[in-house]
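First, one chain by itself: the form predicted on its own, in structure tokens.
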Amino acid sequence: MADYAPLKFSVPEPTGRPGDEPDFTGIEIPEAGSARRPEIDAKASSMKELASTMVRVLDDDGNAVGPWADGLDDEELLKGLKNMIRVRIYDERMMTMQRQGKTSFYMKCTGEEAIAIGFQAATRKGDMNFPTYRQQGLLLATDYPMVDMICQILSNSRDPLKGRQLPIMYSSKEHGFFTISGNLGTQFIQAVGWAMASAIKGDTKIASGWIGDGSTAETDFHAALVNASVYKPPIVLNVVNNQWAISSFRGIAGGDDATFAERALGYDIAALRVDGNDYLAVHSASKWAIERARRGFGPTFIEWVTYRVAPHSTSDDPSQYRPKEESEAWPLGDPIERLKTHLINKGVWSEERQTQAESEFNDEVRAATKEAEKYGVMGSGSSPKDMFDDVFKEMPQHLREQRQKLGV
């Protein structure tokens, strides 16, 4: 025994803590346009390098380059930019409402807007997203009423979910938005099951599962990959790698020694690693993966490389665990600024039009908020009777008695 040193194990540490200089030198960023684009029916084993490089379209000057730079006209790009602006303004307004005590909780997606907006633009009506709590853009990019979203956040009398869900955990079957779960990871495997059911019915609708980098450490993540590998359902499996879980960095979930996309290779699932702050790359990769699923060529795993600029939630203070300047130092930039620069270069947008759009969306969000508040804010507007409805097909006696005592 004297020949052996005491055993030890390793605890990953981020490159910076509060007071340190931000350090992203460990993230390799290839040149825009350097990643090849395989045919949609290519075997997973023939594209392994796409799980370790990064699909990028916009270069440092805002020009679209490479084989993934196709498929969107100016109007579609303008719509994507406007939707991203709209989501960011919505987030800011909802955060303010929480600070005013009008709702209990909120989570922003600042810096990640391109992922949900670009992906949704590639889907078709009837496809089903199984999102996490930071994909509000999936709903806001559709015609889902903003007033209803705000009412859900306020848990008021017009809340579509009747106050039964945590604010920001939206649900809309009609808009392809499966009810958000607070138990992280569960929806990844549920999305696989939904996709299998779609195939069993002979339908043409695909599913998309969403998970964060931290939640890839959950067993549901691996269960989803096993079933997706074996049964090859029509699904896109999305991992939003925004570098931080609640307060632990991506390395705690195993995202340092290998990319998250590389995990799919062991399951023989086609994998892409994509610049999540590049709207054109997001849309192009989403379109490729969705078409692959719809044509019957099986699942695709996509790691979206981005950064969580905002706190994890209104309950979080990121200055306690990461450098204060880290978000400004993020090397992939701001998705809104990058697409804006591209459109200005093309001569179809300007700083003046950007300012005008921001003003218009501020007015829209302000008006929607004012309308929603008419139905109550936190602590008012909802009815206790909603606790008893839709729980049992036939309400048992003890619940009827409780409801009678409440007088509702």
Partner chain sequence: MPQMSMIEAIRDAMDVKLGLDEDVVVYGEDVGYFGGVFRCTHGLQKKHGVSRVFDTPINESGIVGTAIGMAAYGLRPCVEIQFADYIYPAYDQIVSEAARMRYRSNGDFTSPITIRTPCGGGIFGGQTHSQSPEALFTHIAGVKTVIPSNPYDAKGLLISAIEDDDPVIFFEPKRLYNGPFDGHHDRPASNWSKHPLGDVPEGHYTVPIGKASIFSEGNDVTILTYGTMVFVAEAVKAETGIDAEIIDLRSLLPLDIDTIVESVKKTGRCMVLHEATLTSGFGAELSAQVQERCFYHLEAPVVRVAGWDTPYPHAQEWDYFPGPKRVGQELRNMMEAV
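Positions refer to the first chain, counted from 1. Definition used throughout: the rigid core is the maximal C-alpha set that superposes within 1.5 Å between two forms. For clarity, every value in this text was computed on a predicted model and none was experimentally measured.
There is another form of this protein, the form predicted together with the partner chain, and it is not shown here; the text below is about that form.
For the marked spot (Gln165, Asp203 and Asn227), a heavy atom within 4.5 Å of the partner chain in the predicted complex is present in each of the three residues. Ser181 is the sole member of Ser181, Ser327, Thr142, Ser247 with a non-hydrogen atom lying within 4.5 angstroms of the partner chain in the predicted complex.
Among the residues Ser157, Ser104, Ser313, Gln190, the one placing a heavy atom within 4.5 Å of the partner chain in the predicted complex is Gln190. Contact with the partner chain in the predicted complex, judged as any non-hydrogen atom within 4.5 angstroms, is confined among 235 to 243, 259 to 267, 192 to 200, 315 to 323 to 192 to 200. Contact annotation for Ser172: at least one heavy atom lies within 4.5 Å of the partner chain in the predicted complex. Although the partner is absent here, Ser10 lies well away from the partner chain in the predicted complex, with no heavy atom inside 4.5 Å.
Taking non-hydrogen atoms only, Pro18 never approaches the partner chain to within 4.5 angstroms in the predicted complex. Put simply, Asp390 is close to the partner chain in the predicted complex: some heavy atom of it is within 4.5 Å. With the core held fixed, Arg400 shows a CA shift of 2 Å or greater between the shown form and the other one.
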